[in-house]
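Only one chain is shown below, in structure tokens, and it's the form predicted alone.
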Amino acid sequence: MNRIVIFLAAIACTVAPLQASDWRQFRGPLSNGVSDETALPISFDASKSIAWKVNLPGRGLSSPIIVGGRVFVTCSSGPKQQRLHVICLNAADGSQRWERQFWATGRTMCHEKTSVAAPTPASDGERVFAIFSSNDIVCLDLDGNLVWVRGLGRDYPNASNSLGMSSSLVTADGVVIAQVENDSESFSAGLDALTGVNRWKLDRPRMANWTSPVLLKTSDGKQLAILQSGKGISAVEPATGKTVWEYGDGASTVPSSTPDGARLFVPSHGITVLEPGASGEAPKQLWRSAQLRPGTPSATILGQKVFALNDGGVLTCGDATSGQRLWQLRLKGPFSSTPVGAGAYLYCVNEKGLAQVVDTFKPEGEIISELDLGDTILSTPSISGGAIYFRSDKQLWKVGKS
């Protein structure tokens, strides 16, 4: 009996439960950039709102992730950005817990606007998985001990593009899902979270692609990994890589899809909303709107409203159930970062480092607060513990309560 109890306890501990304030991957726990926190600041003050800021040792577009009161962020440094950094900070005060450095084994060439540390890491609650544009993946436990490292650039030497890779990771069912899609050796893979070996590998359309996989829960409770490319959408089982359904009417290769419950908001012909059926049935198209057309930022859904932000700073609000355009608001741009939101508020930061809070409950939307962080910011913010985290090449800020 004791052996059975120990065995069941071991199974229960294989993946740590999601804490309420955790933000474990790009655009948060549901891959949609939305938090259910209610204590976020909505009025910024340059002297009071910044809980802390820390200097970073290198460049990066990756978002920070937050797990159990620890903040993890990646950077790249050196003349060719060949030195890769994974850094762990205390969320409470920004003090450093540890830093690990690695040498890139794959190509580090990328456009001057991006960096080798462009993709956002992911966590299953016990481990942190970090991928870089060089297609190097490292797995560390929360204390910084190396679990495994994988040089996908050595295993698949033609898997790269001249502008740099930026697809972030997601993890589900004991698998880390990576999109390594490009003009040549294009593929997506599910890597075993404990060992880094391939559980599955799928050939993908040969075209440059900077979108990230997202996780979608269907109406019958099944979790699917959504892989997006210029050809459209493939929904696969995370554990096996088995394709469950496909949407073949094209999609963007820059902004990613956004899940909302059982619906999927795809940047296709503006925005196309799909709702998969139960038991692997092909999705039905709920609506399509060419007036809602995201730029580099991905779409965000708050309540019954969907928001598309173009690169110039025009924020378009639409009805999430019909696609009808409701209003437009011009923000101070330009933008590369995707907005994040909570309650009625969107948090947007432009490329010049100006953070803007938008009250979406106002009849035409309204910017109610601004905070100038004074540095170029291209990465998407993260939300955790009543605070918003912003990062530039040089610094990481926690805005909110200390």
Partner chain sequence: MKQKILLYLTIAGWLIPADTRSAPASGLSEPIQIIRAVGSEGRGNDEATRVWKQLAGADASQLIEILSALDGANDFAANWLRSAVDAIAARETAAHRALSLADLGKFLLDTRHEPRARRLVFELIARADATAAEKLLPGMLNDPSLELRHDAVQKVIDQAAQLFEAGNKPGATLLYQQSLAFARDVDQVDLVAKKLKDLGQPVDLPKHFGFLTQWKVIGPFDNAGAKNFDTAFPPENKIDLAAEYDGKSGKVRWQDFTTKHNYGMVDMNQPCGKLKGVLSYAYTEFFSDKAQPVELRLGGKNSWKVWLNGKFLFGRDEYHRNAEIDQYRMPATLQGGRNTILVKVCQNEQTEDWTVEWEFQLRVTDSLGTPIFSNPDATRQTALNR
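None of the values given here were measured: they were computed from a predicted structure. Residue numbers count along the first chain shown, from 1.
The protein also exists as the form predicted together with its partner chain; that form is not presented, and the subsequent description refers to it.
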query: One residue of R263, R150, R204, K305 in contact with its partner chain, assessed in the model of the complex (non-hydrogen atom, 4.5 angstroms); finding: R150
query: One residue of G94, G144, G232, G277 in contact with its partner chain, assessed in the model of the complex (non-hydrogen atom, 4.5 angstroms); finding: G144
query: Stretch from 214 to 222, 195 to 203, 291 to 299, 318 to 326 whose residues place a heavy atom within 4.5 Å of its partner chain in the model of the complex; finding: 195 to 203
query: In the model of the complex, K332 touching its partner chain (heavy atom, 4.5 Å); finding: no
query: Interface membership of P157, its partner chain in the model of the complex, 4.5 Å heavy atom rule; finding: yes
query: Proximity of L286 to its partner chain in the model of the complex, heavy atoms at 4.5 Å; finding: no
query: Distance check, V244 to its partner chain in the model of the complex, heavy atom within 4.5 Å; finding: no
query: In the model of the complex, residues of 90 to 105 near its partner chain [heavy atom within 4.5 Å]; finding: R97, W98, E99, R100, Q101, F102, W103, T105
